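Just one chain follows, in the form predicted alone, and it is written as structure tokens.
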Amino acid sequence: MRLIRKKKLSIPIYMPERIIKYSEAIQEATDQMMGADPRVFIIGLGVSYPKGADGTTAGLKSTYPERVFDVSVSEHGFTGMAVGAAINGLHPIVHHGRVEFSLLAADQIFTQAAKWNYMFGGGHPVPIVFRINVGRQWGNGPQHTQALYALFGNVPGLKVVIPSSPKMAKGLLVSALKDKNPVVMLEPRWLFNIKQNVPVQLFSEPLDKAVIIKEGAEVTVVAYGDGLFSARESLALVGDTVDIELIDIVSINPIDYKTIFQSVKKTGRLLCVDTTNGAFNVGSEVIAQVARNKSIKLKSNPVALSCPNVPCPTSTALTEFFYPTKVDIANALLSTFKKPLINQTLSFEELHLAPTDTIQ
């Protein structure tokens, strides 16, 4: 509970903290920005449904009937329409329910929206937001669980962010809708039911700034999205055994190397957590940049935790070993300092069902 005072009555009243889900935070940011800016509209498959886009567009069709567009199954076509609308001054939100579906619109995202302003001398912005669901989901198998973070992070002209919490999801979407550049918001569906205290009013989070979640002096842990959620959980397992500095990278294009470098200079150790395949991933790029920085003196070799370089299995008996868990992260940290490892078996629910935790 928090105490507030009404100015006119000058009497104290109590208001409970407002805890909402990740998906609800996205819906609220969209609703508030559509109310504030008539140029904003939504386009995508199923966005007009009562619980459209996993609840992230719920109710918006009834509130803004002329600005929520359901479409035929033609990702290239409707994404191209939205890019054209952005070039002509509107501010579309394009929703792709799976990253694999967005690849059908790769030309419109990577070649048109990302390059347009550059090709025409910087005076022709493309203010568009691509909301794309990524990552793990029970039983979805090889073709519906990819994240492809590095694919988007590699494209000049795109700003690419990955919200790790409900508050960050709302703040980043607001910033994306105020930006003149194409912004890709990669949303780990694994996090859609986690909860947090999120301000009711409009607020923004920087699109290019990493956040230090926990300060520490012995090792820097860099993570993002659902990997950051697991890294948060590992803190309780490690306890006071290791003094961890945990960084939410937030953006993968651009990456806030200043914050990362300052942390690793202090700790001398680095662990990167990815929930995608190990080859060419974000953690590999961070480690490479740290290794190139001559002002950083490492006390031990950097450690990278990620998924194996095979497609994600459908079987739960196999996915049990696919994604880095809180135990994997904790033991990677403990082994760096030659501390006793944790022998803990995670439950089926912890391994395979999306979390519903409330985070600080």
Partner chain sequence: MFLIRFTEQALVELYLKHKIMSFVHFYVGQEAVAVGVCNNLRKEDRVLGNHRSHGHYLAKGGDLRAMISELLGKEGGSSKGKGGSMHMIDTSVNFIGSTPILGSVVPLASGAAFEQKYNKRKDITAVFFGDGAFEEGVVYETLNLSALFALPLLFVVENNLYSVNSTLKERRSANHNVEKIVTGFGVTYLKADGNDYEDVFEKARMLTKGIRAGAGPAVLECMTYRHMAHSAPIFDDAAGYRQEDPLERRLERDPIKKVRRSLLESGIPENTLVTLEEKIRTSVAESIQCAVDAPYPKKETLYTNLYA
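All values derive from a computational prediction rather than experimental measurement. Numbering follows the first chain given and starts at 1.
A second form of this protein, the form predicted in complex with the partner chain, is not displayed here; the remarks below concern that form.
Quiz item: N309 near the partner chain in the model of the complex, any heavy atom under 4.5 Å?
Solution: Looking in the model of the complex, residue contacts with the partner chain include N309, since a heavy atom lies within 4.5 Å.
Quiz item: Applying a 4.5 Å heavy atom distance criterion, does D31 contact the partner chain in the model of the complex?
Solution: No, D31 stays farther than 4.5 Å from the partner chain in the model of the complex.
Quiz item: Is there a heavy atom of F229 no more than 4.5 Å from a heavy atom of the partner chain in the model of the complex?
Solution: Answer no; every heavy atom of F229 is more than 4.5 Å from the partner chain in the model of the complex.
Self-check item: in the model of the complex, V200 touching the partner chain (heavy atom, 4.5 Å)
Solution: V200 lies outside the contact set for the partner chain.
Quiz item: Considering the partner chain in the model of the complex, which of S74, N154, Q262, T111 comes within 4.5 Å of it through any heavy atom?
Solution: Contact check passes for S74.
Quiz item: Just one stretch in 209-217, 252-260, 133-141, 86-94 has heavy atoms within 4.5 Å of the partner chain in the model of the complex, so which one is it?
Solution: Within 4.5 Å of the partner lies stretch 133-141.
Quiz item: Can you name the residues of 300-338 that have a non-hydrogen atom within 4.5 angstroms of the partner chain in the model of the complex?
Solution: Result: P308, N309, V310, P311, P313, T314, S315, T316, A317, L318, F321, F322.
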